[in-house]
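Taken one at a time, structure 1 and structure 2 that follow are two forms of one protein chain, written as structure tokens.
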Structure 1
């Protein structure tokens, strides 16, 4: 039986009259890299805050077998969390940041972090505020990869970084942290950049989970069809989830319709994660 790292049942969170998360049910198994994708205000960060025990909620939620409302301290012994790299204390020197993490996290290996930093140009005696964005990211990565965490939660971790550092961030994450035993949850607006590292994905809209899939089957479940002239009515009859015009032709997106069947009516192609997200968010799913 698959071990579950996160298990949510009827999970809800309200702020006054506004319901940010609405009665959601989902599981995150051990050893997966789960992408939580949604527009601004969809409920992604609220969901993560519940998992991390940073906010109250209604319903049932277990993280590493524990309740975040009552057992947050024990949970956080096995969790590492990154939001924006700008959250590092700017008044501390790099060496002092390592001191701090060493004192607060029981599974931090300082010597490993120093080994990672030795391969960079991050100076140990400089304050964080004096570091470039790229150096700050390298410091953050060194810390993350030196924590023996069972669960890593990333909330827009590369926000504001240039494309080279964003690519390096995820490359290092896979090479030096993820080992198939750990579990990663990541939210980001840069969908194309995380597509290749995800094993599973959840789409959230208006506080509700509107789509779940493993990445292996995603490419076969969604097909785009550029309809040949004269085939519009037959193509529409197959129930596309979204419609648009491209190069003067109707372009339709289908979910769980045979590619061979669609190919009778025009040119087909598989969709990437970003295109699937747009189709689901704007379509009729």
Structure 2
């Protein structure tokens, strides 16, 4: 049996009358890179906050076998996270931030962080207040990557970074951090960028998990068909989950219909994660 890093049963969270997370059940096994995809306000951050012990919730939730409500401190020995806003303390110098993390975190490797920073333009003696947004994020990522954590939670980690650094970051994440023993949860709007590193994906809408799959089967489960003229009715009869028109041709998206069957009516293509997301969201409306 696979070890579970996160285990949620009937997890809910309300803010007054608004239910941000509705009775959600899911598990995240050790060694996976889980993408959590959803529109703004879908409940992604609320869900992550519950996992990280940053907010109260109803239901049953275990992170590394511990209760985040009461055991945040112990959980943080083995969990790292970056939330979607710049949060590093502005009054500290870069070196002071490293000193502090080094002193309070049992699994922080300072020389590793300094190694990452040496490859950037982040100056050690400047205050965080004086750094650009990109530099602040680079510093935060360098810290997070230098903690020997069992679970890494990234909420929009590369927001505000240029494309070169974003690419390098995900590359580093795979090469240096991820080793199959560790687990990563990542949310982002730049779906295309994380697509190739994810092993599993969850779609969230209105506080509910509306879709979950591993990435391998995603390619076979979702197929786009550009229908040859004359085959429209036959193709429609197979029950596409979404449809659009491009270059004068109907483009239909199917879930769990075999590729051989679809190939009779036109050209088939596997869908990217972003397109799957759009198709699933539209298909459910």
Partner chain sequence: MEALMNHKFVALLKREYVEHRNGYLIIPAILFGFALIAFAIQLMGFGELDFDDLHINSSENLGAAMKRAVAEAPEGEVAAGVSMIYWSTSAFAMIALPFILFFSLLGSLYEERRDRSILFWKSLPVSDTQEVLAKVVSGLVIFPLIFTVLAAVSQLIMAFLVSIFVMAQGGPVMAMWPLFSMIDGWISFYLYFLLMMAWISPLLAWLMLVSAYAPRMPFVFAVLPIAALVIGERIFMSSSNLIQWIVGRFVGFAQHLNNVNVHGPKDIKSIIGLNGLPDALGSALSSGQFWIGLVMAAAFLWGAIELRRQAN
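Positions refer to the first chain, counted from 1. Keep in mind that this is a model prediction, so the values were computed, not measured. Basically, rigid core = biggest C-alpha set you can superpose within 1.5 Å across the two forms.
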{"property": "Of structures 1 and 2, the one that is the form predicted alone", "result": "1"}
{"property": "Core-superposed C-alpha of residue 114 shifting 2 Å or more between the two structures", "result": "yes"}
{"property": "Is_shifted residue 191 between the two structures (CA, 2 Å cut-off, rigid core)", "result": "no"}
{"property": "Exceeds or equals 2 Å, Cα of residue 167 between the two structures, core fit", "result": "no"}
